[in-house]
Structure formats: structure tokens, C-alpha cells
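Only one chain is shown below, in C-alpha cells, and it's the form predicted alone.
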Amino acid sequence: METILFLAPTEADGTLSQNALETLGAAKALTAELAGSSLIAGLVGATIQPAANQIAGCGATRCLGVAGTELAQSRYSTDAAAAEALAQAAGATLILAPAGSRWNRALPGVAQRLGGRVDTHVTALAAADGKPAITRWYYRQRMEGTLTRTTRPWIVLLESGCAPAWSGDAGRATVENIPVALPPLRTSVTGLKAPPADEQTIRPDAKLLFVAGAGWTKKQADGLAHAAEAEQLILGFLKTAQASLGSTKSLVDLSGEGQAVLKFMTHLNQVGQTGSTPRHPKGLATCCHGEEPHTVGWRFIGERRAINLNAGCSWAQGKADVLYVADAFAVMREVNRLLAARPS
């Protein structure tokens, strides 16, 4: 019998993120699979009532919360204190939380405080022989392992895109406010700086992942490199299609080799064995060859397509659902023209 605590921070508007709702869906499914288990919701943030109302119909037996202006921003000291208080108030044996920079930083320390264990980068939750079991990748995502633990409490951080998000009717939830003595703040947030929304290149919730390879900066048929035009074509497509941008390691490393680069490309865009593992419904790779270290990051993309002039490239060896043997410059010029001609 497990007491499962769904533990999530709220967003700036007091609601829950997509990743948090996915974790709630996984927690609810696991609770149903484990006989005699109960589900408790725990919320942390500057304001938590909107989130509690948002998940009022999830079936949690209790809704606990720690709220305050000190929790509006991510800080290890305050987040860890709030999470520890919620775990103790719930009597939780299994704590399920959405993976993200905020909880990935704070919850391992909470596990130490509680005398428990923590697992990060989890990609699946299920019941095995009446016990909770998790799935995650090892050895740079080349090996998949399933494991269980006997130590309690057990904190599990679930990666985004790994479970269907919970959806249900909102309502008016009763929140039990848990008292906690937060440590004094040693830092203050004076403001936020962020690029305009249409200049963002990493969009985790986008329907399409557009990946650019090093071929965009190489010499083309006329014997010249056209990095400036490549930038215009890629950014134009990202803005119009609201796609997310990925890259191969070879392209993001070019800046250190003195070669032409795409100015907006960083290692944060890198997809693959040493980069990210996105989970977009569709993906389009351009000017890259589909080598194994790169395509390993594509394993969770729903539909994979690629554009490459080489009909024998690795994408053609079963790594892409569709391969267009064509010039990516010409293709993207026409795609951008068609997108621009669409009725608004």
C-alpha cells in the first residue's frame, strides 16, 4: 500500500504546467494499478488556489499546499523546505514530481533530508508485481532499464512528454495550508529579461521539431557558402510555423572551428546522444546525415522526415519515415513561400 504524493510547483498565473499535468496523469494511473493506494496532491507557489481548482476532479483524497511570495521564484532553500513539509504532512511513501530545472535541483536534497531515495529522468511509471516500477535510459540513452526500490520515501521525477496529461473538470478545491518556517532569503529577483515570443527557438510544446545540420553552412552548388540566407530561411520557417529548433553537434561546434555559423544556434539546441531527447509529434531534419549519435535523440519523435541530397545517407537506412532527396535551400524557400501565402 502506497501513499502517493503528486508534488508540483505552480506557474506564474497559479496554474499547473503541461509537464505537471502529465505527471498527475501518471500518478493517477499508478494509484489505480496499486491496490489500496491513495493519491494526495501537493502544490507549491506564490498562489496555489487556481492550480487546486484546476485539478479538483483528479480524485486526490487531500490537497496540501505551501504558498507565499517567497515561493514565486525557484530557490533551493525555500523549495526544499516547502517540499519537505508537504511530504511529511502527507506521510508520503512515493512522491511523483514533474522533472524540470526547479524540482531537479531541489528534490534530491529533500530525499536526503527525509532519509529516502530519488530517481531523475524517469520516462515511465507502472506497477510490477504489485510494486511501483520506473523506466529510464542509461549509457547515453542506449540502454533502457526498469527498476524498483524498497526504500521509502521514494521520489520520482518524470520527464515531460512521457505520459498523457490529466484532463478533467475544474471545480472548487479545499486546500490544507501546511505551515512551514521558510529560511531567510539571501537573493532577490529584480526582474525578468526574455526575448520576444517570436524569437524563441526552443519550444517544447511545438508540434514540429526542425533540425538543422552542418550542411547549411557548407559550400553549395555554386561553390560558395550561404550562411546568411540559411539564417533567413530557418528563422522565417520557425516564426511562421512556430516550430522548435534543434541542431546536430557538428553544427553547434562550428563556432570553435573558425567556420561560418548560424548566429542563433547554441548547444541548447543540440539534439542527440550528447544533447536533448525531444518528444515532438513530428520532426524534420535538414542538411544532416542521420548519424547514430544524432538520431538517438530522435527516438521519441512521432513521425520523422529528412531532406538530404544524398540518397544513401543514414536517414535512408530506416531512420526516417520519409526522405526527400532534394536541396534543403530550394525546399525551404518554397515551403516559406507557401506558408506566407496562406490566408491569415
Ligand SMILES: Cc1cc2nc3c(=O)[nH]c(=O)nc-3n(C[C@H](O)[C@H](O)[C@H](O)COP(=O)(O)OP(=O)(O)OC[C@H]3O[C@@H](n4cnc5c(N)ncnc54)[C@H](O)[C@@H]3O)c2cc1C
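Each form is matched to the other, and the largest set of C-alpha atoms that superpose within 1.5 Å is called the rigid core. When you see a residue number, it is the position in the sequence shown, counting from 1. Every value quoted in this text rests on a predicted model; they were computed, and no experiment measured them.
Absent from the display: the form predicted in complex with this ligand. The rest refers to it.
The partner is absent here; in the predicted complex, the one residue of Ile40, Leu284, Ile55, Cys287 having a heavy atom within 4.5 Å of this ligand is Cys287. Pro293 is the sole member of Gly302, Pro293, Gly68, Gly59 with a non-hydrogen atom within 4.5 Å of this ligand in the predicted complex. Mapping the unseen interface onto this chain, Gln317 falls outside it, with no heavy atom inside 4.5 Å of this ligand in the predicted complex. In the predicted complex, no heavy atom of Pro98 sits within 4.5 Å of this ligand. Of the heavy atoms in Lys218, some are within 4.5 Å of this ligand in the predicted complex. Residue contact check for Ala32: none of its heavy atoms lie within 4.5 Å of this ligand in the predicted complex.
Picking from 121-129, 143-151, 244-252, 183-191 the stretch near this ligand in the predicted complex, with a 4.5 Å limit on heavy atoms, gives 244-252.
Looking at 325-340, the residues that come within 4.5 Å of this ligand in the predicted complex, counting any heavy atom, are Ala326, Asp327, Ala328, Phe329. Shown in the overlay between the shown form and the other one, fitted on the rigid core, is a CA shift at Ala35 smaller than 2 Å. Relative to the superposed core, Ile48 undergoes a C-alpha shift smaller than 2 Å between the shown form and the other one. Comparing the forms between the shown form and the other one on their rigid core, the Cα displacement of Val156 stays under 2 Å.
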